[in-house]
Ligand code: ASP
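Below you will find one chain, with nothing else, as structure tokens; this is the form predicted on its own, and questions on how it binds or moves follow later.
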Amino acid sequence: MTDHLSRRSFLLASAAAAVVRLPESQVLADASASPKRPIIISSANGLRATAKAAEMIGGGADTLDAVVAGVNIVEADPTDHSVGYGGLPNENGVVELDSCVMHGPTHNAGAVGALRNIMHASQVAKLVMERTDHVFIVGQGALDFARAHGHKEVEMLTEDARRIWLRWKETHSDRDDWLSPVKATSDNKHSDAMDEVAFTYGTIHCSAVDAKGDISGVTTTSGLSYKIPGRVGDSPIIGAGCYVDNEVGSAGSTGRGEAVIKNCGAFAVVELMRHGASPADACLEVVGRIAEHTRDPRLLDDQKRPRFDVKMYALSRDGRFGAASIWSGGRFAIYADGRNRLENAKYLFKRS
């Protein structure tokens, strides 16, 4: 048997074991019976987003307006260092935002990448969809476009995020001239303070389906902390960080964007649902593909499992929903049957 087949068999066996370990709440989340719509799903940092979107859809709002308004809450929250205002910056200390939206009824989409000085990247992505013949605008062009539509420039690097970035600058190498305050008088400039530095791939995704079966999705992020300036992850890429087909469902992702891009994550989840997979099983299959396709030794542990995590989220037109991650412990926010709560995601590998 080839190594490829052996590894595939191992992943499938691990996935099967993960299903056995599911708590009751997750079994219900993947049941064939469809909850009453509207259904709104989000990443674990999205409980306020799902509540806001449910409120707006209940009042007759379009699903895209609702999910964008939902994630706007998180984009403006300085305590969430993975999204919007207060997000961790690139290696030069500059916050760069990525976002995309997709509207099921029209199958239109819009996106921005490496957007600086604007708080609500998701709103700008929606404007790209509505007010241009383009899908994706990046960098200075995205900023100019946002300003043309009345978005005000703001300093996106909060004092807390600046402090975290500076700690990274002071501790990520012992071969430069950046000294941490604690170790400035020490012979050894590199300290255990590195353990306190926050690294994040965080993001927020939110998708909704209303009573008519219309679906929309949005993903927005400040991206990988301390990234090379101009780096764009999966979040603003249609088919990677978000994808919607109004006849099937919606999917989105958080986690290591490079891995999601190389596996067309959100599109793959929707296509699996198109061919009969439940949302949770489709997500589990895609994170399994990501794990299987990860072959760079620096990204693998001693059991050849990814050192990183990816979470996929999905809902179907009929109201079923689910999520899955590479590693156990993943959760997601869900509004269904009139209740807003966190539930556990399926997973491939159990954390030791």
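Keep in mind the model is a prediction, meaning the values are calculated, not measured. The first residue of the shown sequence is 1; numbering continues from there.
Although it is not shown, the form predicted together with aspartic acid is what the next lines describe.
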Using a 4.5 Å cut on heavy atoms, which of 233, 249, 84, 265 is close to aspartic acid in the model of the complex?
233
Residue within 4.5 Å of aspartic acid in the model of the complex by heavy atom, from 113, 104, 89, 202, is 202
Contact label in the model of the complex: residue 207 to aspartic acid, heavy atom within 4.5 Å:
no
is_contact(residue 279, aspartic acid) in the model of the complex, heavy atom dist at most 4.5 Å:
no
Verify the contact flag for residue 122: yes if a non-hydrogen atom of it lies within 4.5 Å of a non-hydrogen atom of aspartic acid in the model of the complex, no if not.
no
Contact test in the model of the complex: residue 221 vs aspartic acid, heavy atoms, 4.5 Å
yes
Heavy atoms within 4.5 Å of aspartic acid in the model of the complex: which of the stretches 223 to 231, 269 to 277, 123 to 131, 210 to 218 has them?
223 to 231
